[in-house]
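In structure tokens, the next block holds one chain alone, the form predicted on its own.
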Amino acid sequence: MARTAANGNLKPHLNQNGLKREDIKRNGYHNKREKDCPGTGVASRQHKQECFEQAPMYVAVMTYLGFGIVTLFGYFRDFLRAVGIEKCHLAQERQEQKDFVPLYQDFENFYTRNLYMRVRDNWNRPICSLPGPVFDVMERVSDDYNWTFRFTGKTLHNVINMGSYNYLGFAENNTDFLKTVADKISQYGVGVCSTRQEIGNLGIHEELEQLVATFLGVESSMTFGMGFATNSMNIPALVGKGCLILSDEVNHTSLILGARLSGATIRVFKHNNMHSLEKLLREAVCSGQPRTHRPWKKILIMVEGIYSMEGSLVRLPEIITLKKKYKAYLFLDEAHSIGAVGPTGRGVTELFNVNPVDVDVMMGTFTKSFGAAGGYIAGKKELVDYLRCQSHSAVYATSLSPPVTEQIIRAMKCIMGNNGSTEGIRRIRQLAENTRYFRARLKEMGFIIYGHEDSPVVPILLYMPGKVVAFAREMLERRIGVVVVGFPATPISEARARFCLSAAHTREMLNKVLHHLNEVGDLLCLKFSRRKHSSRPGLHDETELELSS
């Protein structure tokens, strides 16, 4: 029987400590032998706060029927294009290239030309102001069914922004707050024009990395200029051929790309399902690699803090228990959770009262809660020192822009209270208050929403393709900017509108959005929930609590 080689090194060595009983109690578990601890402790109560209500059967039937009708009309229009009755606007090979291997696969573009193009006006809308709690949108129209657009010269002013990841409201243009950023432009300029390993390593870069490590409670950290590349370029440096990656089925594309580029074997477990994860871990430990049955060099579990399409929170204490039990490693992507959850904004490790040392690789971005750009990797000093030499992002990518770096430092010091004010804590509490209020009101109205009560990402399920389009257009008419998402970014039967709450949203703004949501929900028949929700806070279910033996 093969055993995992995860007690080998994770380039470099990451210490694996045994799970003590006091750690189990601290993380909310009462029995060391429990496999995924269903229904017990703090972690279970946090998980019970998540909602994934299923739609009525008729909604699913109508959704698939809608896609079927659109697909039939798509094939009919393709026939009209083939016989020359309708013009095809998509890129095509020239006539003399017809005998070559096609550059543009006709069937692969079917969804784009027949479905997406008809509703393309709901995406890529041009913004012409600061993307704060409100913004201005340039009006545009199409004369050829969204193949091209032209601007009318009009502007839609003061559209409430419910789509940006501006969780703490640091995407702002307050001159008093941004004075240090302006000073850094005067001192360093706006670009470095070099990598960190050459002549692009500035003092403020090292200051930021020390600040991030202190903020997260780990030994060391390093920063990168792009959040997406922080995942896609660093994962291949950590694992490779002969390693196993266990990935949540709804992980972000950057994690998926990094896993594919690494050359490691990838296996997917069901979203936040500890039974599914443990089954894969047990199989990996017992069977080893395919055919040879040699032990895996490393087993890496990849999860997110807040899943950006589901609004759900990772079941972190349970995953840490499993990763210690099977000697695996844990890669935690906190792009949406850092700054947004936890009493002091330190992410899901603080929310679940987990020791950050138990997470082998901590990743996050500065593009959301910090109102800037870039990302970070944090953990043990050996890990960070290794990545400085081996990561493609560290070796080849240009350093963070000085004003962007200063913006991150400014925001992080504000959150930590190092600037002598309580503004950071006020924003964190305001975000939590807005999140709970908005979610509670939506449930009362009868919408089906996904995710955790503490998650500022709030998906409202719309399901049917026609209603997705009508919802986005109707909300913009009412001066509310929303993001709608459908297949292939979501399952084909679970199209949704994704709302992102911000500390910059006032109660008046939220009430206005909720008022129009209520009207649009009635107009388009979007209130599919069959649960009865009360405006009073729910009582604790005593059956969920167990005493330690």
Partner chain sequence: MASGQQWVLVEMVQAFYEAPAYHLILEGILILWIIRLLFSKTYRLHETYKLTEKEKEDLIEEWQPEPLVPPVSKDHPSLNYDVVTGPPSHKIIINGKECINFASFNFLGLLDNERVKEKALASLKKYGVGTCGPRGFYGTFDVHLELESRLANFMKTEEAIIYSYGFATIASAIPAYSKRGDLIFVDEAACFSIQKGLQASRSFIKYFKHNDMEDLERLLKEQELEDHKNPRKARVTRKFIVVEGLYINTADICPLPQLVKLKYKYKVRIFLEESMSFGVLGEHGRGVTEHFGVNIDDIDLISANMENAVASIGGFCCGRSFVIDHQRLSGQGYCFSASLPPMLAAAAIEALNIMEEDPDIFSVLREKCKHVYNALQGTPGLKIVGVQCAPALHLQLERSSGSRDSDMQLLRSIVEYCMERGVALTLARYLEKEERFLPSPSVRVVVTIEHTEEDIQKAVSCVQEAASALLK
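Numbering follows the first chain given and starts at 1. This structure is a prediction, so every number in the text was calculated from the model and none was measured.
Keep in mind that the form predicted in complex with its partner chain is missing from the display, and what follows is about it.
Asker: Is Tyr450 close to its partner chain in the predicted bound form, meaning a heavy atom pair under 4.5 Å apart or at it?
Answerer: No - in the predicted bound form, heavy atoms of Tyr450 and its partner chain never come within 4.5 Å of each other.
Asker: Check whether Arg427 has any heavy atom within 4.5 Å of a heavy atom of its partner chain in the predicted bound form, and answer yes or no.
Answerer: So Arg427 does not count as contacting its partner chain.
Asker: Can you tell me whether Arg94 touches its partner chain? I mean in the predicted bound form, with a 4.5 angstroms heavy atom cut-off.
Answerer: It does: once its partner chain is placed as it appears in the predicted bound form, Arg94 has a heavy atom within 4.5 Å of it.
Asker: Even though its partner chain is not shown here, does Phe438 get within 4.5 Å of it in the predicted bound form, heavy atoms only?
Answerer: Heavy-atom contact with its partner chain at 4.5 Å: absent for Phe438.
Asker: Want to guess which of 339-347, 417-425, 74-82, 277-285 is within 4.5 Å of its partner chain in the predicted bound form, heavy atoms only?
Answerer: Going through the listed ranges, the match is 277-285.
Asker: Within 4.5 Å, heavy atoms only, which of Leu156, Cys88, Ile127, Val357 is in contact with its partner chain in the predicted bound form?
Answerer: None of the others qualify; the residue that does is Ile127.
Asker: Would you kindly say which of Thr253, Thr152, Thr292, Thr148 lies with a heavy atom within 4.5 Å of its partner chain in the predicted bound form?
Answerer: Answer to the contact question: Thr253.
Asker: Give a yes or no on whether every one of Asn173, Ile185 and Tyr188 sits within 4.5 angstroms of its partner chain in the predicted bound form by heavy atom.
Answerer: Yes, the whole candidate spot contacts its partner chain.
Asker: Given a 4.5 Å distance limit between heavy atoms, list every residue of 349-372 close to its partner chain in the predicted bound form, or none if there are none.
Answerer: Contacting residues: Asp360, Val361, Thr367, Gly371, Ala372.
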